[in-house]
Structure formats: C-alpha cells, structure tokens
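Single chain ahead, written as structure tokens, the form predicted on its own.
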Amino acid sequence: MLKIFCALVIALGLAGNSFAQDLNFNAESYEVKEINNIAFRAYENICYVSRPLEPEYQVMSIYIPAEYFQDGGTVNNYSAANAPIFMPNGVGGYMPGRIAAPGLGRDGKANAALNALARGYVVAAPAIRGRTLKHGKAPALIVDYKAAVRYLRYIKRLNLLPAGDTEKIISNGTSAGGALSALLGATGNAAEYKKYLDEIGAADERDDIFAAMAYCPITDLDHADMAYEWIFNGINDYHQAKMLRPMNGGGNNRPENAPLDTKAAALMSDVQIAASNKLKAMYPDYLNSLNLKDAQGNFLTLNANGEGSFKEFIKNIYIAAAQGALDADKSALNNIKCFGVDGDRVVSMDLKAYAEWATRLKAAPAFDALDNSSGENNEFGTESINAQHFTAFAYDNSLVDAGIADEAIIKLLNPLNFIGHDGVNTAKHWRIRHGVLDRDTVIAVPAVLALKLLNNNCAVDFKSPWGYGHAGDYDLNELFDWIDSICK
C-alpha cells in the first residue's frame, strides 16, 4: 500500500517541501516476528520521502524488540525511550542497497541487525538507490541515507516512533556501504545536500548521527588511486576478473558486488604500469596537504619517494595486528616474510614485501579506470551518461572519449571535504576496520579518514584485524560492545 502511495506522489508531480507533513507512519501496521528466539515487531517498507524517484528503494523498515511493548520492558538495560538506533545499509559496489533486515547470514549465524535486536537496539534499515538505477547516480545514495535519518526524527517529533532514541543513531556498512556510513557520519546537516533532499521531499529535520561504523570503506575516491599505487607500485600483476561477484555473494565473506578475486594473475599493460608510476609519485603531495597528526601531535608526512612518518604510522598499524596474531598463535607468522620477529615480538615490517604477500587485486588506476569501465566510473555518471571519470589524472589520460563528473558532485561523495567545516555536525564516535589482507582498497585510505577525524576531536577506534580481507560484520560482539560503551 505504501509503495502505491509513493508512486502516486510521483504521478501527481507534487513539488516543494509543502508535502513533507504527509509523510506517514502507522504504528498499528506491523508484523510480529521471531528468529533464533529473538522476538520483534517489524514495520516494513515505509516510504521515507514524499517524492521518491525510485519508489522500490526509497523505503525503510523499522524493527523493535518485542520486550519494549510490555510494561517496563527492558533489554540490556535499555528501554523503549533510550534504546540506540542501529542503522545498517546494504550497499555494495555503489549498487542499489536492499533493506538489511534481521536474519541469518551466509554462515547461518545471526546477522548484524538480528544481533542488534538481541542487544536491545531498535534497527532502522533503509533501502538506498544505487548506480544502476535511472535516478541512482551520485549523490543519490548519501541523499537517501540522510533522508532516512530525517524521517526517523520526523516521526519521533510527532510521537509516532514506538521506540528508539534519535539522538543515538549509529550507522553501519561495508565496502561502498562503509564509505556511505562514513559519509553519513561526516556530513551531518551539510548545506550542500539540501537541494537533493528537497528534490525527493525529505523531512525538514536534522540528519546528523551519533556514531558511525565503517568496515573497509571504499572512500576518498578522488585520491584513492594514488594511495593504491603508493602501496602496490612495482607489483605489476593483478588478480581481478572482468566481472562482478554474483548477487548472492561468494567465498571469503567478500561483500556482494565486490570485484571477483581470482587465483590466476593477469599482467598490467605498459600504459597501466606507467599510470601506476605517476600515481605513486602524486601521493606524497596530496598526503602532505592534509596536515595530518598522530595522537601525540606529530605531523605525518611523506617525502617525494613515498618515505616518511606516515609510512611508519601505517607499518605500525600492521605490526600491531601481527603482534596480536603472534600472541594468539606462535606459528601465525611462519613463512610471512614482510614481518620481522625477535623472539616473541614483532619488531619491523616491510611494506614492499607486504604488497607482494597480499598481492594486487586491481590494475592501475584501481578506481577511475582509464577505459571508463569501473563501477565507480558508473557511479559518477548521470541520467543520460552511463559513466564518467572523476579524477583529473584519468580524464587527462583516458583511453576513451569520456567526460569528467561535476566537481560539486565529486565533493559530495568524499567525507574528508566536510570534517571540521563550519555548519557541519560530524559524528563524535567512530569505529573503522580494514583487514590486513584487504586490497580492494588500501589501508592508507581509512587511515587518512581516521586521522582526519582524530585531528578534529572525534573519538576514533581504528584497527586492522588480522586474517581478514575485504569483509565486514565479522566481529559483531566487539562492535556492539563498542556501541554499548558509548551509549551507556
């Protein structure tokens, strides 16, 4: 019924914010469900904007622990009034994201949403537009995520939300969904998104959130190619097939729509190798322009050869991960040549040897492909243009007749452009994870995000978990322990 309502809004061609008051939520329209002995009310497929451009995707579902509908009901010392709101997104590969509903994962275990309900959180899970939809190109995905936050605050203000504290909203996502979670956390109430929110009839409310969780975020796209080559330059074979992983995912817990990782390697072309050399050389100037500092206030920089304190910072993150692995298993680092061990201590790390061990996944440029063929190129297309470049380097060296995306649109997809800026309310609490074996992007990208946040007085928990590649939601107990620690 609500999807029919959304379609009618489009057909009527209503314009302006005047229709926002008709955004509705029926507290009596729900289904009681139970999974793994966890009972909850499910309010499903609620249209969260008044003028949806893609009605199938601009809907959300709200799940609430059943205990909160009993007198004095509590879960994990939370009540209906103060329960945090966990807001996962199902985005991967910048594709359309379905509602991340409570259920069992590929491994048969409770997924993040179901774990959140067991912890006493309200789960608000929006579907979100993506690049393969007519109206799904950038910045659609972040506009929808913001609109969903605004909808929650709208129905809370009208006393229609049955449970949940809208001042304790926590986002969560993996890969491109991790980038989206970071964008939501970084850009609260930024004026640059207003015209896009108005276009879809988002509620006139705030869209800042309390905390953001990002697993392996594919972010800072306009500089990610440089970072990738800073790590992988000199590794001239890559392990990516020219197809995407099937929609039902695959092995190694890789996200849906992630590039297909192959055992057999392909050799980069001379053009790609030359691009790698140039991109690596460009990275130090970009990194140094950020004026990043570590927790002790020391500037993190690189010289023209890519050496310096930022490199040592990155190596120390990996050394800490390796030390944890060695503490748990004395044989964990056997035959791994990139770490130096003295007795029971990991004392050094060779980043070049690391790149050889991890192996390169993507040819250069990793994101803004010179033939304009990447998913990210598609993300920066328009309703009439399938794909475009989004960096000056790829545009200037393009192998095809392709344009470049609008600079203002590119800005809207990079959280670094908003952190610390006037009029922007960035989340104060962050948890960022990038697996040691992740090479869909490189650790420098989330490290820069973490440092930028730290330098702007945010609390940041950033680690590189041992044994993981490009994946997410693998440490749910720790994730929800962290949420409890900042909410209680």
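One rule holds for the numbers: they count along the sequence shown, beginning at 1. Since the model is a prediction, treat every value here as computed from it, not as a measurement.
The form predicted together with a small molecule is left out here; the points below concern that form.
Proximity of Y145, R150 and G188 to the small molecule in the predicted complex is absent: no residue of the three has a non-hydrogen atom within 4.5 angstroms.
The listed set P126, P365, P96, P255 contains one residue whose heavy atoms approach the small molecule in the predicted complex to within 4.5 Å, identified as P255.
When you look in the predicted complex, the only residue of P259, G306, P139, G324 with a non-hydrogen atom within 4.5 Å of the small molecule is P259. Only one segment in the set 337 to 345, 73 to 81, 383 to 391, 172 to 180 has residues whose heavy atoms sit within 4.5 Å of the small molecule in the predicted complex; it is 172 to 180. Put simply, A214 is far from the small molecule in the predicted complex: not one heavy atom of it is within 4.5 Å.
Contact annotation: E376 falls within 4.5 Å of the small molecule in the predicted complex, judged by heavy atom distances. In the predicted complex, the small molecule sits within 4.5 Å of a heavy atom belonging to I218. Under a 4.5 angstroms non-hydrogen atom cutoff, the small molecule in the predicted complex has G92 among its neighbouring residues.
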